[in-house]
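Next comes just one chain, in structure tokens: the form predicted on its own.
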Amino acid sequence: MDTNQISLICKALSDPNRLQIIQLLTCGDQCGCDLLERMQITQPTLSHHMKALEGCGLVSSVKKGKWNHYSLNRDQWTAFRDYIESIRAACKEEGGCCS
């Protein structure tokens, strides 16, 4: 994962609503109608947030009938988490950047 991709993910996660969406999707796939109900936001607002999350690759969607069904892209999430963990680990090493 390159720094441009990391930057896109960080930008997408900088919004509290998007963090809440990610949290909801960690429990499994969600229909857009369920996300709307749980978050109490409008459909255009949900579409705006999902566009950002899909744009950075954290979320994917499948249209089923009238509604989109969203899922967390676990490979992308794991790669992002591993990148953040590598920074933390480097700072903890003896003589690391934070020593």
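Just so we're clear, the structure is a prediction, and the values are computed from it rather than from any experiment. Start at 1 and count along the sequence shown; that's the residue number.
Below, we refer to the form predicted together with the DNA, which is not included among the displayed structures.
Contact with the DNA in the model of the complex holds for all three of Asn17, Lys63 and Trp67, each having a heavy atom within 4.5 Å. For Pro44, a non-hydrogen atom is located within 4.5 Å of the DNA in the model of the complex, even though that partner is not displayed. Mapping the unseen interface onto this chain, Cys31 counts among the residues with a heavy atom inside 4.5 Å of the DNA in the model of the complex. Of the heavy atoms in His48, some are within 4.5 Å of the DNA in the model of the complex. The closest non-hydrogen atom of Lys11 lies within 4.5 Å of the DNA in the model of the complex.
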